[in-house]
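Next up, C-alpha cells for two forms of one chain, structure 1 and then structure 2.
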Structure 1
Amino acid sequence: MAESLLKAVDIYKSFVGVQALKKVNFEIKPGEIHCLAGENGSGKSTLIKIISGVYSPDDGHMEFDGKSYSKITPIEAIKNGIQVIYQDFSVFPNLTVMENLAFNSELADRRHLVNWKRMREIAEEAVAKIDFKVDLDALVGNLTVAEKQMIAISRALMFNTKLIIMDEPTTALTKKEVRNLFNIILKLKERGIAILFVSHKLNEVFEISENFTILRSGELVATGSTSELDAKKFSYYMTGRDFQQRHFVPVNLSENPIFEARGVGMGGRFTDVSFAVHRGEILGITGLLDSGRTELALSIFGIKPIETGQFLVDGNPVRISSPQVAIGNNIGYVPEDRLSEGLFLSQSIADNIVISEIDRLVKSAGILDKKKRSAEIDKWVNELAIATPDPNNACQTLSGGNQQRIVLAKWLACNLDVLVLNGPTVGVDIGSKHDIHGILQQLAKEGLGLIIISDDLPEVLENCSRVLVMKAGRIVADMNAGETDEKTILSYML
C-alpha cells in the first residue's frame, strides 16, 4: 500500500468562539481520488484552507510525504505539491489565456521584463499536459466556464503538483463538460496525482471518487471506501437525518389551467412551445443548457418577451412584456443565480423578504407601517424555517439553503398564482434541498401552480407531476413523472 501523500492529524480550528473543526483527521495517498463532503458550515472550506496554508490550525499538525508541520504558509504548501482550484478559478478575465498561464511562473522566477516568446512556450507546455485545445491569445473573460476550469487545471500542473483540490468543480458545467472533466481527473490519477474532490452531489461522488470523508458541524463523521456507501448512508452522514423518498402526487387540481403557453417562440431560442399549468400542479421542464429551457423561463417572467404565440392567465391572453407585467398577473420567478439576480446580499434578511410587497406595507401617508412589516417578516421566517438569530443581519451571512428560502419568501409574500423556479436547489446542500422540496410540494397542495426548470433529473422526478423535455428549442416529450425514469428522459435530451 502506498504511503500517504498528506495527513491532517487531530486538527482543531475555531473563529471568535465558534468551533469550525474539532479533532479532524484526514488522509490521501498518491493517485487517489477522494471526495470531501459535508453541508454548508460543516468545515470543508476551513480544512481546505488549513491544508493549503491559508489558515493555521489551533491544534494538531499536517504531514506532507511523512514530514510534520504544525503550520505552513501557502508557499510551503505549493512547494509540497498542493494546488487548490476554487469555484471562481482565480483567473484574470481581462488577460489572455497565455498571460494567465505564464503569469505565476514569471513572478516565481522574479522576471522584470516580459519575454513574449518565453511566455508562449510556458503556456503551450501547460495546455499540452492535459491536451487542452484553446486559442492562447483569447481573452479569458470571453471563454466558457469549462474552458476557464481547464486553464485553472493547466496552471495547477505547472508546479510539480502532487495534489489538486477541486472545490465544487461541476457547479456550472453541463453534463458533457462534467464528463470531460472526469476524463481529465482519471488521466491525472494515472500520472500519480491525487485529487481531493469537494462536492455534495451524490451521483458525482459515487462516479468519480474511490474514497470519501464526510464532515458535519466541524467533526469527522465518516470516512472509507465509496464502494461501501449508498445514497441513504451518504445523506444520513451529511445531515444526521433519515430522509424518506417522496414522489409528489398532485391533489385538488383546478379544472381549468391557471397558466398556458400556446405556440410561443422567441428569436430562434425556442419555437412552437405549448403547455398548460393547473393550480396544485408542479410542472417540470428539463433539457440541456442550450435546449431553450432558461430562455423559456425568462419569457414567462417578461425578461425576454416572446415574439410569437401567446400566454394566457386564467384563460385570458396576456402580453408579458416585462417583469412588472408578470408580477401584475401574480407570476413570480426564482432565478438560478440567487446571488446576483435574486437577492440584495448586503441588505438585511428582513428587507429582502418584504422588498416585493413594500407598497402594501406603506400607510396612506406614505409612511412604512413598521408593525405590519415586522409581522410579515416573522411570518415568513417561521413558515420557511429560515435559520437566523436576527432578521436584521445581512443576507450574505446565511447559507445557500437559507438564502434560497428568502427568495421564496419574497415571492410568496406577493400572493402568487404561478411560481417559476429555475434550478431551485443549485448550490444547496442535501438537507436544505430536501426541506425546499417539501416547501414546494406543500405550496402546490395549497393551490399554487409551479414550474420547475432543472437538469437535476432526480429533483424533477421527485417533485413534478409532469415532465416536459426540451431539445433545440422544442418540446420533444411530455411525460407523467410517475411513469418515467432518468434513462428515458436522457434519451430524449440527448
Structure 2
Amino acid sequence: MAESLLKAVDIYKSFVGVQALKKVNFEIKPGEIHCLAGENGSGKSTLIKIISGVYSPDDGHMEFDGKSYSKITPIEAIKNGIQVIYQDFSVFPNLTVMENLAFNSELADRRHLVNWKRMREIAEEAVAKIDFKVDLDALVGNLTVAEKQMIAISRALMFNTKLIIMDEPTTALTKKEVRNLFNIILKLKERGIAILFVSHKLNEVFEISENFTILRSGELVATGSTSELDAKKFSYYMTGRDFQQRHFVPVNLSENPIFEARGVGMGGRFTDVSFAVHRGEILGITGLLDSGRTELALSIFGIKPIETGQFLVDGNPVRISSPQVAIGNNIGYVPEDRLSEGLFLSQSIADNIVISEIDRLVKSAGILDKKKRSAEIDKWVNELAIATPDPNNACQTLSGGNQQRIVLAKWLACNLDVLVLNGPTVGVDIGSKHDIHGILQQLAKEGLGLIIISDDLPEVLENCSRVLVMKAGRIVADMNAGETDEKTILSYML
C-alpha cells in the first residue's frame, strides 16, 4: 500500500459550546477517490474546512506528504496541493473564461500588473490539462453549469495539485454531464491526484468512489471500502435509524381523473404530452435534467403556460395562464429549488405557511382575521410535525426537512386537489425524506392527486403508483411502478 497523502488524526473542533467534530480520523492516498458523506450538521463541511485551512482544529494533527501540522493556513494548504471546489464554483459571471482561469495563479504569484498575453497562455495551458474545449473570450455567466465546473476544475489543477475536494459536484448536472465529470475524475486519478467527494447521493458514492467515510453528529461512524457498502447500511450509517420501505399502494382511486393533460406542448421543451391523474394516485414523472420534466411542471402551475394542447381539471378544460389560475383550480406546486423559489427564508414560519391561502383568512375586504390565521398555523404545525418552539421564528432557523414540510403545509392549507412536487426531497436528510414520503402517501390516501417529478429513481419507485418517463420532451414510457425496476426506467431515460 502506498503512503497516505493526507492523514487527519484525532481531530476535535467545537464552536461556542457545540462539538462539531469529535476525535475524527481521516486518511486519503494519492490517486484515491474517496467519498465523504453525512447528513446536514454531521460535521463534514467542518472537516473540509479544517483540511483546507479555513479553520484550525482544537486538538489533533494532520500529516501531509509525511509532514505533520497541528494546524494549517489556507495558503499552506494550497502550497501543499490542496484545492477546494465549492458548490458555486467561485467563478466571476461577469468576466471572461480567460480571466476566471488566470486570476488565481496571477494572484498567487503576487503580480500587480495584467499581461493579457500571459493570461491567455495560462488559460490555454489550464484548459489543455483536461482537454476542455471552450471559447476563452466568452463570458462565464453565459456558460452552462457543467462548463463552469470544468473551469473550476482546470483552475484547481494549475497549482501542482495533489488533492481536489469537491463539494456536492453533481447537484445541477445532467446525467451526461455527470458521466463526463466522472471520466475526468478517473483521468485525474491516473495522474495520481486524489479526489475527495462530498456527497449524500447514494448512487454516486457507489459508482465513483473506492472508499468512503461517513460522519454523524461530528463523529466518525464508518469508513472503508465502498464495495462492502449497500443501500441499507448506507442509510443506517447516515441516520442511525433503520427504515422500512413502504411501497405505495393506491386505495380509493377516483373514477374520473382529477387532472388531465391532452397533447400539451411548450416552446419545443416538451411536445404532445398526455397523461391523467386520479384522486388517490401518485403519478411519477422522471427523466434526465434536460428531458423537459421541469418545464412540464412549471406549465402545469402556469409559470410557463403551454402553447399547444389543453389541461383539464375535473373534466373541464382550463387555460392555466398564471400561478393564480392554477391555485384557483386547486393546483399547488412544490418547486425544485426550495430555498429561492419555495420559501421566504427570513420571514416567519407562520407567514410562510399561510401566504398562499391568505386571501381566505379575512374578516372582510382584505382585513386579516388573526384568529383564523393562528388556527391555521397551529393546525399545520401540528399536522406535519414541524419542529419549532415558536412559529414566529424565521424560516431559516429550520433544517431542510422541516423547511420542506413548510412548503407542503403552504399548499395543503389551500385545500388542493392536485399537488405537483418537483424533486420533493432534494437536499433533505434521509430521516426527513422518509417522513416526507410518509406524508405524501397519506395525502394520496386522503384523496389528493399527486404528481412527483424526480430523478431519484428509488423515490419514484417507492412512492408512485404509475411512472412516466420523459426523454427529449416526449413521454417514452408509461408503466406501473410495481411492474418495473430502476434498470428498465434507466434504459428508457438514456
Partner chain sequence: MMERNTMQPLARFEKLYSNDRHLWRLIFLIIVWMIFIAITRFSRFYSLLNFQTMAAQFPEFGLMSLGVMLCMITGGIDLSVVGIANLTSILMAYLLIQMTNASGMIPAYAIPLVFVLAVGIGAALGIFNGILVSKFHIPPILATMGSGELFTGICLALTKGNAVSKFSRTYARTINNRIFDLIPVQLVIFIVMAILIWFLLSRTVFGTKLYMLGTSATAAKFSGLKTDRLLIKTYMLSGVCAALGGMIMLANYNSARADYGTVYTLQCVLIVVLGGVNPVGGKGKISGVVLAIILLRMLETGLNRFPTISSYYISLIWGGVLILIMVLNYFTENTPRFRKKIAR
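We call the rigid core the largest set of C-alpha positions that still match within 1.5 Å between the two forms. Keep in mind the model is a prediction, meaning the values are calculated, not measured. Counting starts at 1 and follows the sequence of structure 1.
> If only one of the two is the form predicted on its own, which is it?
Replying inline: Note: form predicted on its own is structure 1; the other is not.
> With the core lined up, does the C-alpha of residue 383 move 2 Å or more between the two structures?
Replying inline: Yes, its C-alpha moves 2 Å or more.
>> Quick check: residue 372 between the two structures - does its CA shift reach 2 Å or more after fitting the rigid core?
In response: True for residue 372: a C-alpha shift of 2 Å or more.
> Relative to the superposed rigid core, does the CA atom of residue 30 travel 2 Å or more between the two structures?
Replying inline: Shift at residue 30: below 2 Å after core fit.
>> After superposing on the rigid core, how much does the Cα of residue 393 shift between the two structures, in Å?
In response: Comparing between the two structures after core fitting, residue 393 shifts 3.1 Å at its C-alpha.
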